[in-house]
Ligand code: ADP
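As a starting point, one isolated chain is supplied in C-alpha coordinates, in the form predicted alone.
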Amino acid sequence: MIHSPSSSASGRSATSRTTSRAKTSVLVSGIQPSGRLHIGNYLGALKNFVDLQRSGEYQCHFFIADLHSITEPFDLREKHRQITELSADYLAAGLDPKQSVLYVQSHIPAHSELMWILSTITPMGELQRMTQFKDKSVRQEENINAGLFTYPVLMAADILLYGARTVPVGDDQLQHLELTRTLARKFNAKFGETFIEPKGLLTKTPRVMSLKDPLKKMSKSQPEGCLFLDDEPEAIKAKIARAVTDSETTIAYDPEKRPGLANLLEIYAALTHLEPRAVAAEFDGESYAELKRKLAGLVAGYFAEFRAKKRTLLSAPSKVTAIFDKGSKKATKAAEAKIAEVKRRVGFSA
(Lines give C-alpha, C1' and ligand atoms only; values in the text may rest on other atoms or scores of the structure.)
Protein backbone atom coordinates (compact mmCIF):
# COMPACT_ATOMS: atom_id res chain seq x y z
CA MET A 1 0.00 0.00 0.00
CA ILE A 2 1.19 3.50 -0.82
CA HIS A 3 0.71 5.68 2.23
CA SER A 4 -0.25 9.34 1.95
CA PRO A 5 -0.64 11.13 5.29
CA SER A 6 -3.79 13.21 5.45
CA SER A 7 -5.83 15.11 7.97
CA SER A 8 -9.16 13.89 6.67
CA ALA A 9 -10.77 11.26 4.49
CA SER A 10 -10.48 13.60 1.51
CA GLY A 11 -6.72 13.43 1.94
CA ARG A 12 -5.45 16.99 2.37
CA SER A 13 -1.69 16.87 2.65
CA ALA A 14 1.56 18.08 1.20
CA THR A 15 2.08 14.63 -0.27
CA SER A 16 -1.04 14.80 -2.43
CA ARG A 17 0.85 16.43 -5.33
CA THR A 18 1.19 14.11 -8.28
CA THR A 19 4.60 13.41 -9.74
CA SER A 20 5.70 14.48 -13.20
CA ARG A 21 6.44 10.92 -14.32
CA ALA A 22 4.42 9.62 -17.25
CA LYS A 23 1.49 7.44 -16.28
CA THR A 24 2.32 4.36 -18.32
CA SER A 25 0.81 1.63 -16.15
CA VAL A 26 -2.94 1.03 -16.09
CA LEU A 27 -4.28 0.10 -12.66
CA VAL A 28 -7.75 -1.38 -12.09
CA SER A 29 -9.78 -1.99 -8.93
CA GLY A 30 -13.34 -1.78 -7.69
CA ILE A 31 -15.72 -2.10 -4.72
CA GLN A 32 -19.10 -3.81 -4.58
CA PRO A 33 -22.18 -1.65 -3.86
CA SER A 34 -23.71 -3.60 -1.01
CA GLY A 35 -24.42 -1.03 1.68
CA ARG A 36 -22.80 1.77 3.63
CA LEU A 37 -19.01 1.71 3.78
CA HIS A 38 -17.39 1.39 7.18
CA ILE A 39 -13.95 2.28 8.42
CA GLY A 40 -12.64 -1.19 7.55
CA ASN A 41 -13.68 -0.67 3.90
CA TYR A 42 -11.97 2.70 3.91
CA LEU A 43 -8.66 1.54 5.38
CA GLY A 44 -8.69 -1.67 3.34
CA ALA A 45 -9.57 -0.23 -0.07
CA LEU A 46 -10.87 3.31 -0.53
CA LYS A 47 -7.99 5.13 1.14
CA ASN A 48 -5.58 3.07 -0.94
CA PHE A 49 -7.43 4.08 -4.13
CA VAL A 50 -6.95 7.75 -3.31
CA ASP A 51 -3.28 7.23 -2.45
CA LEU A 52 -2.67 5.42 -5.75
CA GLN A 53 -4.44 8.13 -7.72
CA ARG A 54 -2.35 10.83 -6.09
CA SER A 55 0.91 8.98 -6.58
CA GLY A 56 0.85 10.07 -10.22
CA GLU A 57 2.31 6.71 -11.27
CA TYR A 58 -0.77 5.07 -12.75
CA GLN A 59 -3.65 5.45 -15.18
CA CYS A 60 -6.22 4.58 -12.54
CA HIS A 61 -9.51 2.82 -13.32
CA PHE A 62 -11.85 2.53 -10.33
CA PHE A 63 -15.25 0.98 -10.87
CA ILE A 64 -18.48 0.16 -9.06
CA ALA A 65 -18.56 -3.66 -9.10
CA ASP A 66 -22.33 -4.04 -9.36
CA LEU A 67 -22.20 -7.22 -11.48
CA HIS A 68 -20.16 -8.91 -8.75
CA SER A 69 -22.53 -7.69 -6.06
CA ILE A 70 -25.56 -9.66 -7.28
CA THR A 71 -23.84 -12.99 -6.60
CA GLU A 72 -24.88 -12.42 -2.98
CA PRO A 73 -28.43 -11.84 -1.69
CA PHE A 74 -29.57 -8.28 -2.36
CA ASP A 75 -32.61 -6.02 -2.18
CA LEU A 76 -33.70 -5.09 -5.70
CA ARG A 77 -35.26 -1.83 -4.48
CA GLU A 78 -32.01 -0.84 -2.79
CA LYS A 79 -29.51 -1.66 -5.54
CA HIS A 80 -29.75 1.61 -7.48
CA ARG A 81 -29.50 3.64 -4.28
CA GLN A 82 -26.46 1.63 -3.20
CA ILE A 83 -24.73 2.28 -6.52
CA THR A 84 -25.38 6.01 -6.23
CA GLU A 85 -24.24 6.07 -2.59
CA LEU A 86 -21.00 4.23 -3.35
CA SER A 87 -20.37 6.61 -6.26
CA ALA A 88 -20.73 9.49 -3.79
CA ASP A 89 -18.36 7.71 -1.39
CA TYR A 90 -15.71 7.52 -4.13
CA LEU A 91 -15.99 11.23 -4.85
CA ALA A 92 -16.24 12.33 -1.21
CA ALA A 93 -13.11 10.33 -0.33
CA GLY A 94 -11.11 12.16 -2.98
CA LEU A 95 -11.32 10.15 -6.21
CA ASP A 96 -11.24 12.68 -9.02
CA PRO A 97 -12.80 12.05 -12.47
CA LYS A 98 -10.12 14.34 -13.92
CA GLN A 99 -7.38 12.04 -12.63
CA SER A 100 -9.04 8.60 -12.67
CA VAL A 101 -11.56 6.82 -14.88
CA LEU A 102 -14.62 6.19 -12.67
CA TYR A 103 -17.33 3.92 -14.03
CA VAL A 104 -20.10 1.43 -13.32
CA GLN A 105 -19.25 -2.14 -14.32
CA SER A 106 -22.70 -3.10 -15.63
CA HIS A 107 -22.78 -0.09 -17.97
CA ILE A 108 -20.08 -1.73 -20.08
CA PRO A 109 -21.30 -4.95 -21.80
CA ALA A 110 -17.74 -5.91 -22.75
CA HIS A 111 -17.11 -7.04 -19.15
CA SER A 112 -19.73 -9.79 -19.50
CA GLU A 113 -18.73 -10.63 -23.08
CA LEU A 114 -15.09 -11.13 -22.19
CA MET A 115 -16.02 -13.06 -19.07
CA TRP A 116 -17.94 -15.58 -21.20
CA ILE A 117 -15.09 -16.01 -23.69
CA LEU A 118 -12.56 -16.46 -20.87
CA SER A 119 -14.83 -18.98 -19.15
CA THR A 120 -14.40 -21.33 -22.12
CA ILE A 121 -10.68 -21.64 -21.40
CA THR A 122 -11.04 -21.76 -17.61
CA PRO A 123 -10.59 -25.27 -16.13
CA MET A 124 -13.29 -26.26 -13.64
CA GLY A 125 -10.60 -27.45 -11.28
CA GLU A 126 -9.12 -23.93 -11.06
CA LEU A 127 -12.47 -22.54 -9.90
CA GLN A 128 -13.18 -25.41 -7.53
CA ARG A 129 -10.06 -24.70 -5.51
CA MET A 130 -10.85 -21.00 -4.96
CA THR A 131 -10.99 -20.45 -1.21
CA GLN A 132 -13.32 -17.44 -1.46
CA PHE A 133 -15.93 -19.58 -3.22
CA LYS A 134 -15.68 -22.15 -0.45
CA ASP A 135 -15.97 -19.49 2.24
CA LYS A 136 -18.93 -17.73 0.62
CA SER A 137 -20.69 -21.04 0.03
CA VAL A 138 -20.66 -21.61 3.77
CA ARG A 139 -21.97 -18.10 4.48
CA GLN A 140 -24.83 -18.26 1.96
CA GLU A 141 -25.86 -21.91 1.85
CA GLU A 142 -29.26 -21.06 0.35
CA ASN A 143 -27.76 -19.14 -2.57
CA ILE A 144 -24.74 -21.03 -3.93
CA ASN A 145 -25.17 -19.80 -7.49
CA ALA A 146 -23.12 -20.27 -10.66
CA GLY A 147 -22.14 -16.60 -10.61
CA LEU A 148 -20.49 -17.10 -7.23
CA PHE A 149 -18.51 -19.97 -8.76
CA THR A 150 -17.42 -18.04 -11.89
CA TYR A 151 -16.82 -14.77 -10.01
CA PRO A 152 -13.01 -14.99 -10.54
CA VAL A 153 -13.49 -15.18 -14.32
CA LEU A 154 -15.45 -11.92 -14.29
CA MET A 155 -12.72 -10.42 -12.14
CA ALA A 156 -10.18 -11.52 -14.76
CA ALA A 157 -12.27 -9.83 -17.46
CA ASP A 158 -12.45 -6.62 -15.39
CA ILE A 159 -8.66 -6.52 -15.33
CA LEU A 160 -7.66 -7.79 -18.78
CA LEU A 161 -10.19 -5.65 -20.63
CA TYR A 162 -8.22 -2.47 -19.94
CA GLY A 163 -4.68 -3.77 -20.28
CA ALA A 164 -4.03 -3.37 -16.58
CA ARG A 165 -0.43 -3.96 -15.61
CA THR A 166 -1.06 -3.35 -11.93
CA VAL A 167 -3.78 -4.59 -9.60
CA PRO A 168 -3.82 -3.61 -5.90
CA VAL A 169 -4.62 -6.74 -3.92
CA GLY A 170 -4.66 -8.04 -0.39
CA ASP A 171 -3.46 -11.51 0.55
CA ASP A 172 -6.98 -12.91 0.14
CA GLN A 173 -7.13 -11.87 -3.52
CA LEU A 174 -3.79 -13.27 -4.71
CA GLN A 175 -5.42 -16.54 -5.78
CA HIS A 176 -7.85 -14.69 -8.07
CA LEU A 177 -5.08 -12.59 -9.56
CA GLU A 178 -3.01 -15.68 -10.31
CA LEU A 179 -5.98 -17.12 -12.21
CA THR A 180 -6.16 -13.88 -14.20
CA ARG A 181 -2.50 -14.28 -15.15
CA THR A 182 -3.09 -17.92 -16.07
CA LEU A 183 -6.03 -17.03 -18.34
CA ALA A 184 -4.03 -14.28 -20.03
CA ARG A 185 -1.23 -16.75 -20.80
CA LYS A 186 -3.64 -19.42 -22.03
CA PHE A 187 -5.51 -17.04 -24.32
CA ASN A 188 -2.28 -15.60 -25.73
CA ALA A 189 -0.87 -19.07 -26.40
CA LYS A 190 -4.04 -20.25 -28.12
CA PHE A 191 -5.14 -17.17 -30.07
CA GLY A 192 -2.12 -14.87 -30.25
CA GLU A 193 -0.69 -12.10 -28.08
CA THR A 194 -3.70 -10.16 -26.81
CA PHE A 195 -3.53 -9.63 -23.05
CA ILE A 196 -0.99 -8.22 -20.62
CA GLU A 197 -0.26 -10.43 -17.60
CA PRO A 198 -1.02 -8.12 -14.65
CA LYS A 199 1.13 -7.95 -11.57
CA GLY A 200 -0.21 -7.55 -8.08
CA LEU A 201 0.53 -4.53 -5.96
CA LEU A 202 0.37 -6.18 -2.56
CA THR A 203 -1.36 -3.85 -0.14
CA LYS A 204 -1.34 -4.02 3.60
CA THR A 205 -4.99 -4.30 4.58
CA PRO A 206 -5.68 -3.44 8.23
CA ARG A 207 -7.97 -6.01 9.81
CA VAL A 208 -10.57 -3.85 11.55
CA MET A 209 -12.67 -5.82 14.01
CA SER A 210 -16.17 -5.31 15.33
CA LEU A 211 -16.48 -2.95 18.30
CA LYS A 212 -19.08 -5.31 19.76
CA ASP A 213 -17.21 -8.57 19.13
CA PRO A 214 -13.46 -7.98 18.56
CA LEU A 215 -13.00 -11.61 17.48
CA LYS A 216 -15.04 -10.94 14.31
CA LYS A 217 -14.33 -8.55 11.44
CA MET A 218 -16.29 -5.31 11.38
CA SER A 219 -19.40 -5.88 9.28
CA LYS A 220 -22.44 -3.85 8.27
CA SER A 221 -24.55 -6.85 9.29
CA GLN A 222 -23.76 -5.87 12.89
CA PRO A 223 -24.24 -2.07 12.71
CA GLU A 224 -23.88 -1.50 16.45
CA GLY A 225 -20.26 -2.70 16.22
CA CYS A 226 -19.55 -0.87 12.99
CA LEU A 227 -18.16 2.63 12.41
CA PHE A 228 -19.71 3.81 9.15
CA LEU A 229 -17.88 6.53 7.24
CA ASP A 230 -20.92 8.80 7.31
CA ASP A 231 -21.79 8.24 10.99
CA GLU A 232 -22.37 11.52 12.79
CA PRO A 233 -20.05 12.41 15.71
CA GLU A 234 -22.62 11.49 18.37
CA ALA A 235 -23.09 8.04 16.85
CA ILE A 236 -19.33 7.53 16.68
CA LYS A 237 -18.94 8.60 20.29
CA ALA A 238 -21.72 6.26 21.47
CA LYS A 239 -20.42 3.23 19.56
CA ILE A 240 -16.84 3.66 20.73
CA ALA A 241 -17.95 4.28 24.32
CA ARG A 242 -19.72 0.91 24.26
CA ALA A 243 -16.82 -0.88 22.52
CA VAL A 244 -15.77 -4.13 24.20
CA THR A 245 -12.40 -3.99 25.97
CA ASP A 246 -11.45 -6.05 29.07
CA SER A 247 -11.21 -5.88 32.85
CA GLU A 248 -7.60 -4.69 32.97
CA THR A 249 -6.71 -1.16 34.10
CA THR A 250 -3.60 -0.46 32.00
CA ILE A 251 -3.34 0.31 28.30
CA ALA A 252 -1.04 -2.04 26.40
CA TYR A 253 -1.07 -3.56 22.92
CA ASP A 254 -1.71 -7.30 23.11
CA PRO A 255 -3.88 -8.55 20.18
CA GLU A 256 -4.04 -12.14 21.44
CA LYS A 257 -4.93 -11.56 25.08
CA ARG A 258 -6.67 -8.18 24.78
CA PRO A 259 -8.29 -8.08 21.31
CA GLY A 260 -10.88 -5.41 22.10
CA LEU A 261 -8.34 -2.89 23.32
CA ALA A 262 -5.95 -3.85 20.52
CA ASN A 263 -8.67 -3.09 17.95
CA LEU A 264 -9.16 0.43 19.31
CA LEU A 265 -5.41 1.03 19.30
CA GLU A 266 -5.15 -0.26 15.72
CA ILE A 267 -7.90 2.06 14.50
CA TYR A 268 -6.20 4.99 16.22
CA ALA A 269 -2.86 3.97 14.71
CA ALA A 270 -4.25 3.62 11.17
CA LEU A 271 -5.67 7.16 11.23
CA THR A 272 -2.51 8.74 12.67
CA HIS A 273 0.09 6.68 10.76
CA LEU A 274 1.60 5.38 13.99
CA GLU A 275 2.26 1.86 15.17
CA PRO A 276 -0.28 0.46 17.67
CA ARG A 277 2.43 0.03 20.31
CA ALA A 278 3.36 3.69 19.90
CA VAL A 279 -0.27 4.66 20.44
CA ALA A 280 -0.41 2.48 23.55
CA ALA A 281 2.70 4.24 24.84
CA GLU A 282 1.03 7.62 24.27
CA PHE A 283 -1.86 6.54 26.47
CA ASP A 284 0.29 5.01 29.19
CA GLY A 285 -1.32 5.89 32.52
CA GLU A 286 -4.59 6.98 30.89
CA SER A 287 -7.96 5.31 31.41
CA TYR A 288 -9.97 3.36 28.84
CA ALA A 289 -12.55 6.14 28.96
CA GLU A 290 -9.93 8.70 27.93
CA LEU A 291 -8.68 6.51 25.07
CA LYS A 292 -12.23 6.05 23.83
CA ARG A 293 -12.99 9.77 24.13
CA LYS A 294 -9.92 10.75 22.11
CA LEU A 295 -10.46 7.99 19.55
CA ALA A 296 -14.06 9.13 19.02
CA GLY A 297 -12.83 12.69 18.48
CA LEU A 298 -10.14 11.49 16.07
CA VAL A 299 -12.56 9.43 13.97
CA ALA A 300 -15.21 12.16 13.90
CA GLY A 301 -12.67 14.79 12.88
CA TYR A 302 -10.93 12.60 10.30
CA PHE A 303 -14.16 11.97 8.42
CA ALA A 304 -15.76 15.40 8.92
CA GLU A 305 -14.91 16.62 5.43
CA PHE A 306 -15.99 13.30 3.95
CA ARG A 307 -19.40 13.56 5.64
CA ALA A 308 -19.93 17.12 4.45
CA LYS A 309 -18.94 16.30 0.87
CA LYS A 310 -21.12 13.20 0.77
CA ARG A 311 -24.15 15.14 2.01
CA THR A 312 -23.60 17.73 -0.71
CA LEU A 313 -23.15 15.10 -3.39
CA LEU A 314 -26.26 13.15 -2.42
CA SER A 315 -28.34 16.34 -2.35
CA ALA A 316 -27.94 16.28 -6.16
CA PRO A 317 -27.72 12.55 -7.04
CA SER A 318 -28.22 13.18 -10.76
CA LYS A 319 -24.87 15.01 -10.82
CA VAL A 320 -23.17 12.05 -9.19
CA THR A 321 -24.74 9.71 -11.72
CA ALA A 322 -23.67 11.99 -14.57
CA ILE A 323 -20.02 11.83 -13.46
CA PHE A 324 -20.04 8.03 -13.54
CA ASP A 325 -22.00 7.95 -16.80
CA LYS A 326 -19.29 10.09 -18.38
CA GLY A 327 -16.59 7.83 -16.95
CA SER A 328 -18.46 4.75 -18.18
CA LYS A 329 -18.51 6.17 -21.71
CA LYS A 330 -14.77 6.76 -21.54
CA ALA A 331 -14.14 3.24 -20.25
CA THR A 332 -16.47 1.82 -22.91
CA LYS A 333 -14.26 3.13 -25.72
CA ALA A 334 -11.24 1.21 -24.41
CA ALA A 335 -13.33 -1.86 -23.56
CA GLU A 336 -15.00 -2.02 -26.98
CA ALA A 337 -11.64 -1.78 -28.74
CA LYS A 338 -10.30 -4.70 -26.71
CA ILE A 339 -13.39 -6.90 -27.04
CA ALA A 340 -13.35 -6.29 -30.82
CA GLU A 341 -9.75 -7.50 -30.88
CA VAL A 342 -10.67 -10.55 -28.81
CA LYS A 343 -13.55 -11.40 -31.15
CA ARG A 344 -11.25 -11.16 -34.16
CA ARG A 345 -8.79 -13.47 -32.41
CA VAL A 346 -11.41 -16.15 -31.84
CA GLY A 347 -12.93 -15.75 -35.30
CA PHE A 348 -16.21 -14.01 -34.49
CA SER A 349 -15.90 -10.99 -36.78
CA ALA A 350 -14.68 -10.33 -40.30
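These figures come from a predicted structure and were not determined experimentally. Throughout, we count residues from 1 along the sequence that is shown. Superpose the two forms; the largest set of C-alphas matching within 1.5 Å is the rigid core.
Just so you know, the form predicted in complex with the named molecule exists too; it's not on screen, but the next bit is about it.
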| property | result |
| --- | --- |
| Contact test in the predicted bound form: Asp172 vs the named molecule, heavy atoms, 4.5 Å | yes |
| Any non-hydrogen atom of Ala45 within 4.5 angstroms of the named molecule in the predicted bound form | yes |
| Close approach of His38 to the named molecule in the predicted bound form, 4.5 Å, heavy atom | yes |
| Proximity of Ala300 to the named molecule in the predicted bound form, heavy atoms at 4.5 Å | no |
| Heavy atom within 4.5 Å of the named molecule in the predicted bound form - the one residue of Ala296, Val26, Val320, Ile31 that qualifies | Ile31 |
| The unique member of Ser219, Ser119, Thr182, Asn143 whose heavy atoms fall within 4.5 Å of the named molecule in the predicted bound form | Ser219 |
| Option from 120 to 128, 239 to 247, 203 to 211, 185 to 193 whose residues, in the predicted bound form, bring a heavy atom within 4.5 Å of the named molecule | 203 to 211 |
| Yes/no, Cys60 Cα shift of 2 Å or more between this form and the one not shown with rigid core fixed | no |
| Is_shifted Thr194 between this form and the one not shown (CA, 2 Å cut-off, rigid core) | no |
| Large Cα shift (2 Å or above) at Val208 between this form and the one not shown, core-fitted | yes |
| Residue pair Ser221, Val153 - Cα distance in the predicted bound form, closer or farther (3 Å or more) | closer |
